[in-house]
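We've got the same protein chain twice here, in two forms, each standing alone as structure tokens: structure 1 and structure 2.
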Structure 1
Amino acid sequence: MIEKLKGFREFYPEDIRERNKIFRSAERISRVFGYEEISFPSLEPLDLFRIKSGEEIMRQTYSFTDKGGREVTLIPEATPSVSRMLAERKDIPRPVRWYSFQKFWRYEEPQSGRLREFYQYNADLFGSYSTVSDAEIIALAGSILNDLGLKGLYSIRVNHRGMMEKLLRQFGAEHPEKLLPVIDRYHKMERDDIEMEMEKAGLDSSRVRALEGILEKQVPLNGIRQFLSENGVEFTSIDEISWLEHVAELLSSYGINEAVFDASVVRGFNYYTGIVFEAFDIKGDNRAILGGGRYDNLTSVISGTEIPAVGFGMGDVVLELVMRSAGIWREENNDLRVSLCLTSVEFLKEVLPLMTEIRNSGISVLIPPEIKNLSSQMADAAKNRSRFAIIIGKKEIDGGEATVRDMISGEQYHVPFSTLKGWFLKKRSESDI
């Protein structure tokens, strides 16, 4: 038998139900925030990604030459395609609020929280440069996590790249942008190596210690001014602190209380220009659940049109791990299912219209594909997780009444055909089904 590829997943029904809940939740929250769904090809010209990310991207993509000689790749991320779609349609009134939920592929070594094929939700707000839009996109992220049942179980670590550059310059760094990649690896590097890099960048030893103090701690986002002040930052010239304070104030009005300031969050990609953020399980033993920020220059690189933008992406792999560890990943199916059981195939055509009527009210009805003896059919009904069996024999056909068996209690009821649908609807509305 030919196995599936490493780092790829098959989803059986029990794997899919909760994942669909993620899709639906993201969709519903996006909609009420005014975001509309888009979707784009899964295969794109490789150049679309090369422009943004350089040759390095080649190593991590499923790229190849197609039968027409085109260099193509399975999409590793959303932003280039979304930026192109935006540039193609200048008629769409700004601001544009879009989301998508698609598969992406990266040729990386599979490990916990990272697969070669994964789903990713992406949301972007284009055409606005403001604290209000930054707050909206973070509120959208938090509202989705809350809707999934993670309220209080995650934190959103927020920072501002512009602010960090000014802070590092104030601390003595001549090329602060060169220190950001070091900060990005702060929690992964040895302390000695970090300090060496900071000194190399121009910080004296007291500034190195102050910066480490800042990077080490997370504080509530609205406490940023006091926190930085305590660590020797002079913020008279750093407008971005007020920017983050306003975002903090709005997030609190949104009811999102999970935002903290974390100076070590700077995001790996160079294209972020302003606010950046990542959400983590508060237990802290997983990768980022989601990440994003403001990228005001990227669309011009891809499409030639400069449009301010803020957005984030959220993969399904880490999210599933976090939901599982929080005990809110459910695999059972609570749909009301009933199984039809017949003493003869002859009766099938007579009761099919009734079964269709029940199905039309949203109840799942399983028809036996082969008419075995009644006890085999009842056993199948139990295996199929049917809550009820509808038993139809000559007596039932003649009397116009179904025999309905509760598969849990074993109780049997006689229900006239004419009220059978209503009987199931009533059962469904009772709290225990």
Structure 2
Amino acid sequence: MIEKLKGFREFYPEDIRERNKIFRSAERISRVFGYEEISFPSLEPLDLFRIKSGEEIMRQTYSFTDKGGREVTLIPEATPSVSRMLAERKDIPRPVRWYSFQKFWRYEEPQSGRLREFYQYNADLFGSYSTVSDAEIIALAGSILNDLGLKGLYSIRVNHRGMMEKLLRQFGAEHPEKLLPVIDRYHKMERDDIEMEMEKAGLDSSRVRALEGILEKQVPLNGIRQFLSENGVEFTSIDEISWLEHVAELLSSYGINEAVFDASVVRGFNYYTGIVFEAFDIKGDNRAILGGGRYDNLTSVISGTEIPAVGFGMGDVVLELVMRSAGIWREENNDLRVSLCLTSVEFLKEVLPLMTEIRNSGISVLIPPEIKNLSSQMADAAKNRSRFAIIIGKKEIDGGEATVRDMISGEQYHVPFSTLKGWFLKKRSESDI
């Protein structure tokens, strides 16, 4: 028997049902925010990612030379492809709000929350440089998590790259960009190693300790000014603090109260230019659920046309772990599903038009491929998770009404064929279905 490759998944029906809830939730919330769905190729020129992505991602690509001699790769992330698509269409009115839900590939060691093949939701807002845009994209992220049942179970950690560079210069770093990778690994490295790397970047021991005091804590986003002041930060020319404060006000108006300031969130050293953020479950058991930020320079690198942009990506792997931990991954399937049970195959052609009519109304109807005895068909209906069984025999055909059995309560109803579709539609609308 040939087994599946390491780091790849396969989904059985019960897995797909729950996963589709994520897709539907993300799609619904995206649309009410005014975002439109796009799709892009699974295979792209490798140069597209050489331009944008860091060395780590380049090492993780599933890349190869195709039969035409071109260097190509299975896409490891969305942003370069989305930016290229927008740059190619100068006729699209701005601002542009796009989202996608596609499959990605990265060759890295599989571990909890990280696989070699995964689905990822991405949302981007192009053509606007404002606190309103930044707040909207974070509110979109929070609204999706809330809609999935995670409200109160996560935090969104926010920072600003421009502010961090100014702050690091205040602390004595002549080249703050050299410190960003160290800060990004702050919670993953040993403290002695962190301090050594910071001192190599030009910070003396007292400044290192002061900076650690900032990196250690998370505070409400609207309390950033007081927090930094208490930790020795001067506010001369740090306009980004006011930027973050306004974003905090807007998020509060959105009803998104999970945002906190976290100076250790720096992300994508090669292209983020402004606000950056990541969402984590409050237990701290998993990797980031999602992450994003402002990347105003990327489209100019790819196409020569500068377009301000802010966006985020959310993978399904960590999201599933968080939802499982919260006990909301495996919920009862609430789709109305019914099974047709016949006492004789001769009645099938008479009721098929009616079953088709019910199916056309959006209700799932299972037709038995083989006509067994009635008790076996009822047992199959239960195994197939049908809420109701439609029983059709000679009595039902002669009387023009179906016998409908509730598979949970065992109660039976006699419903005229002429009203059967409407009867099921009413049942579907009831809260207990």
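What you see is a predicted model, and the numbers here were worked out from it, not measured in a lab. Take the two forms, find the largest set of C-alpha atoms that superpose within 1.5 Å, and that set is the rigid core. All residue numbers here follow the sequence of structure 1, with the first residue given the number 1.
Note: the form predicted in complex with another copy of the chain is the first of the two, structure 1. When two forms of a protein are overlaid on their rigid core, residues whose CA moves 2 Å or more are considered shifted, and Y35 is not one of them between the two structures. Fitting the two forms on the rigid core leaves the C-alpha of D296 displaced by under 2 angstroms between the two structures.
Relative to the superposed core, R359 shifts its CA atom by 2 Å or more between the two structures. Note on K394: its Cα is shifted 3.8 Å between the two structures, core used for superposition.
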